[in-house]
Each structure stands twice: as structure tokens, then as C-alpha cells.
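Shown below, as C-alpha cells, is a lone chain in the form predicted on its own; questions about how it binds or moves come after it.
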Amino acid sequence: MLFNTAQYWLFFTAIVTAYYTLPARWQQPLLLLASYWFYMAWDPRHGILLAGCSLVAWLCGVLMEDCDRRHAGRQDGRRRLIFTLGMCCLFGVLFSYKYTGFFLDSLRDGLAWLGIRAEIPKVSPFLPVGISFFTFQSASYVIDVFTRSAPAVRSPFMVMLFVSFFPQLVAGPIERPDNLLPQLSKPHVFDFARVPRGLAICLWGLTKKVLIADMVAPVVETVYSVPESFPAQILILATVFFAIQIYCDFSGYSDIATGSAHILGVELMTNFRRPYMARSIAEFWQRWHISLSTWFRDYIYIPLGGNRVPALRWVFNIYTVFILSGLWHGAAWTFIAWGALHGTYMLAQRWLGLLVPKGVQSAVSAVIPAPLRTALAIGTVFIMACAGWVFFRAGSMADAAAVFAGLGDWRSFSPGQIWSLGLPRFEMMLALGSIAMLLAVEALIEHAPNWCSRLWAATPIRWSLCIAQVYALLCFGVFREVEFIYFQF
């Protein structure tokens, strides 16, 4: 059940109507049933896995809290055993479904490289949609109860609802217990003001998905399917298009999830904050997929010591976090390379800042005007991000190498090639115009937020903008059922 289909909006309308019509005591059971109905629409078998992860998290929380109650916190060894078993169950499920085939293939290839022939079976992965998201959300609950950052919930159904809440179930944001559980635990009364605001957020998400991401997708697919066949100019265009596609696709999903939850009286965490306006790679990761980056920060990076460790240990911490982040996205060496590249970016940014004397930095700041420095910084970060997206999008390391090798071919380009990349001339111009519109809107929000807020507060302007978006979607939107990119993660 995709957000960009009439099926979802009929489903959502029915759920909202029932949610605010039924007595308050039925709101949580309704949301739980709706969430499982939503998830099992892909495959009924997936519901068993979702329920299993939720019940493991609930049981671990109850058992750990019971240890505290019975032994006044003295049985830390028993709590640690329960925590360890729970995490092994959750991540064992994730590993078995997502990574078994990758590691067996890598082992087979490694042994072959050493001249050893081994009969290692070929495993065809069956990947339940959104498995990385709900296992990480389940793990966040277990970790928070273990560290006593959150109390255990005695009702298994509340933990199941926390893990499965349908707006953010399949592609996030990855919520934390202290934000989502209190909101789901209390009844909500209908507030009409929430409806237009939530729908406006959903409309912006649909615009990014249907009018931009799905519009440029054919160009990206055409070029990245045979990257060795195209010159540098086309490869750069396709890579920039993919940077826009993945941002609009993923942040569009997050917007629709946020808007849907808002109508139901629930505020989800912000998952994107104009990442292509970042002025450094560190800032980029404070703006991109915030729920995942903060998950790794709080549960991996800080427990490893963060940056309060010797230099070599800090290097290890950085690479550990970013390589795990790459593996979270997919079981392939391309994702590992993507994560390692961003880890290298973080190290280079830190060390270059330490190597360049303060006096030189001040002199450069005095010579180059602030607006130009900002533009140069944003442009540099965008280019670095695009270099990483090559690994993220390429089907293999060989394809990624072909893209980088093709960047040296500037001679065989013909402008007419642009119109043979899967988009007719009008659609290509429309895609470029939509991207320009997106970047202009984000630049205004970034650099003139107060002016944008006043503009949006004016009812005629707000309605005019929403009507214009609806008109553009109806006239030019891509309404075939295109899955969101992050469903595969």
C-alpha cells in the first residue's frame, strides 16, 4: 500500500474517520489493527515477523524491569543477559534476512580468490519490506529500557503499536520510545486545524515524490544501467538527478508520514532538514536521515567513546559508524564503500580544520565575502555527496568504477543525447524546472525563514500555493505505482 496511490488515501480516510468517531478506548486497538493491515498488504507473512520482533522487545523490557523491582538493581548481570539475548534475536533476524546471502557470496569469492573451491550454497534473499526500520526501532526500545532511559511498558499491544505505527513503519523516521510511546498512549480528540496542516505537509511530500523523484527516475535508470556507454556530461547529469531523486523520494515519504501522523494527533521527529544546504559534511549528516544518524550517534558512536578518545580510536569509531550505516542501507560492497567514503570525509574535514592555521582561515574569511563563502561551501558539500551517491546507486563496484572512469570522457558528448535518456524534451524541461523550484524554495526557507513563515501565514497565499501544487500534480505527476527507494532497506 503505497503513499502515492488512491488506495492509501482511501485507507487513511477510513482510519481517521473511525479513529475520531469511536470511543477513546478503541483508538489504540484501531491503530494497531490498521498498522498490521497496512503492513500485511505487501505480504501477510511479514506480519508474523513484525509481531515477533515487537514481542521480543516487549518481553525483554518487562524482564529487565522485573529484575530491577525484585533485586533493587543489583542483578545487573541478569539484566545484561536478557538485553544481550534480545539484541541477538532482533539483529539475528535482520542478519538472516538481509545479510546471509551477501556474506556467503563474499566468503565464496574470497576463497576463490585464494584458489580454494568451496561448495557454499547460493542464497536468494527474501527481504521483508522495511525490516531495517522496525528492527532498529525495536532495538531502540530495548536499549532505552536497559539503560533506564525509558520505563518498560507492561502492555505488549502498546509495544507492538510503537513498533508498527503505520505512517512511519516502512521507511521511518526511526522513532524513539520517549517521543512516540507517550503520544500513542493517550487518547486524542479531533482538532480540525490539524487536518489542513497535515494535508499540506502530505501534499509537499507528494509533490517531491510524484513530480520530481519519479520524473527523473527514468534518466537515472537509463544511464546507471550501462554507465560505460555515456560521456562525462551525461554521467554528471544522471548523478545529480539521482541526488535529487533520492532526496525527494525519501524526504517525500517522511513528509507524508509526518503529515498523516499529525492528523492523527502524533508528532513524528524531523527526518530531513534541507541537507543540500549544508556547509560541511558533519552538517550534512545533521540534516540527512536524522533519525538514523542520531540512532548511530546515541547507540554506537557515543558508547564507543565518541571523539573523547585518542586519535586512532576516534578514527575507528568514525569508520565503524559509517560502515555500519552503509551496511544498514544494503548488503553490498557499494554501500560499504559509500559509508567508508563519508567516514573519510568526516576525518578529512576534522584534520584539515586542525592543519590550516587560524590566521589563514581568518585571512580567507576577510578576503572572500560571506555569501560567496556560503555558496562555495554548499557547492563543495553537494559535489562530495554526489560522489558518494555514485556508489549508492551503482549496481556493483564495477559500475561505480565505470562512472568515475567515464568522468574523464568529455569528447563524445552530443547535446541531442540528453533527449534520449528516457524522458521526452518537454518532460526533461519540466523535470529541470521542478528541481529549480525545489532548490529555490529550500534556499528561501533556509535563508529567509521568517519571511517564509509570514508568507505561509497569509491564507490566500497558502491556499494558492496548495492549489498550484494540486494542479501541477494532476497535470504532470507520475502516477504509476513507483515504490519508494528506501522500501528496499
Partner chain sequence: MNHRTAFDGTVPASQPWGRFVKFLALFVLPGLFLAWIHNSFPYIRPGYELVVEEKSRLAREGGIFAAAPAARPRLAVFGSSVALSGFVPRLFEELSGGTVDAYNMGLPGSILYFDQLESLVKSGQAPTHVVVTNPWGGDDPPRGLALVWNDAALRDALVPFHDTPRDLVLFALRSRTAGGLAALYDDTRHVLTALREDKGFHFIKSQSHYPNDALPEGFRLPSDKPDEVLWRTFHASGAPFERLRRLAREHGIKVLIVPRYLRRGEGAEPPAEDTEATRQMQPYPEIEVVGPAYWLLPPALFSDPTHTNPAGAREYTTRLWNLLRDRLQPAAVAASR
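Numbering follows the first chain given and starts at 1. Here the structure is a predicted model, which means the values were calculated and not measured.
One more form of this protein exists, namely the form predicted in complex with the partner chain; it is left out here, but the text below deals with it.
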- Message: Just to confirm the contact call: exactly one of 60 to 68, 431 to 439, 454 to 462, 44 to 52 touches the partner chain in the predicted complex at a 4.5 Å heavy atom cutoff, so which is it?
- Response: 454 to 462
- Query: How about Gln245: is it within 4.5 Å of the partner chain in the predicted complex, going by heavy atoms?
  - Reply: no
- Item | Glu267, heavy atom within 4.5 angstroms of the partner chain in the predicted complex | yes
- Query: Contact between Ile15 and the partner chain in the predicted complex at 4.5 Å, heavy atoms?
  - Reply: no
- Item | Non-hydrogen atom contact Trp113 with the partner chain in the predicted complex at 4.5 angstroms | no
- So which of Arg80, Arg197, Arg154, Arg373 gets a non-hydrogen atom within 4.5 Å of the partner chain in the predicted complex? Arg197
- Note on the structure: in the predicted complex, the residue from Ser164, Thr258, Ser140, Ser132 with a non-hydrogen atom within 4.5 Å of the partner chain is Thr258
- Residues in 10 to 33 with any heavy atom within 4.5 Å of the partner chain in the predicted complex: Leu10
